[in-house]
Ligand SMILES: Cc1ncc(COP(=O)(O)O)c(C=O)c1O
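Just the one chain here, laid out as structure tokens, in the form predicted on its own.
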């Protein structure tokens, strides 16, 4: 019996009590740090008749989404699309690239979790710890690499909990000075909405989840893998089974498919949305996200303040410091009830000190303005 379960039984409560899923929920427009809004035709794409994952049709589908993703990201690196959340690549990149030790700068909930995952997998992890809201400094990475021997550096590009966009390009340039150290980037809440040149900055593995700036349904994880990272895994005695670079990429080269049964409907949705993303172009999508971020920051400075360190604000998630002392939870609920719009309170310990607006995916400045108008009304700003 799990710890604490007996007390739950004796008090008459149950964490597993069934709550019936109904058909009368009010649709809400999502301004979360993910999941975000999904186009109707992308949702409809999931309703195609089912087919086998070893049929030629699956090869057509999977090779299309992989090669389209490489084209969109502007990379020659290999791409893996797995049925999983982005968390899968926290585990698999660590298992595939880290033999003993890893350096992880921590500046928020998700970078801390990346370090915790590596420790859970038995790796020695050295942290460079920053206060929440502060950005990682490349010189600190250099100092650590000069004094220590690390298999990899793991960094979060977009710290979702604080709205900090770390200078991944500069960090990558530093790590590249140490050819025996690999560079792993968690870009879960920004890739597709914040452009980065993967090869130019020596990124060996960069990954995301489809429900964020890709504006697809949740359930798929995407990782771009360098040749050096692939070769590194071949040298190791052990690696991830499900997310192993060799297993995934060799099967793709031989069959044009995934090595295990994929979520076919989600990949059909992926194919449809990637068409939209290619039509828009990566440059235009990046510019649209810049414009949304700039509008949201300007609004935040007018009414509140920004939580992240100046100059390191996210392009996809704005974390706003609650300088007016509004009741964040009540405001979130009131906007949801009155306007059918959902944004997010602050993360964890800063849930009332801040709130977050996700401006990613298919949103525009105009749709973000609808939310900020609603917040102004409810909070009487």
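None of the values given here were measured: they were computed from a predicted structure. Numbering follows the first chain given and starts at 1.
Not on display, but discussed next: the form predicted together with this ligand.
- If you check this ligand in the predicted complex, you find a heavy atom from every one of 86, 156 and 188 within 4.5 Å.
- Per the 4.5 Å heavy atom criterion, this ligand in the predicted complex is contacted by stretch 204 to 212, the sole one of 176 to 184, 278 to 286, 204 to 212, 123 to 131.
- Using a 4.5 angstroms limit between non-hydrogen atoms, residue 90 touches this ligand in the predicted complex.
- The closest non-hydrogen atom of residue 94 lies beyond 4.5 Å of this ligand in the predicted complex.
- Using a 4.5 Å cutoff between non-hydrogen atoms, residue 166 does not count as a contact of this ligand in the predicted complex.
- Heavy atoms of residue 110 reach within 4.5 Å of this ligand in the predicted complex, making it an interface residue.
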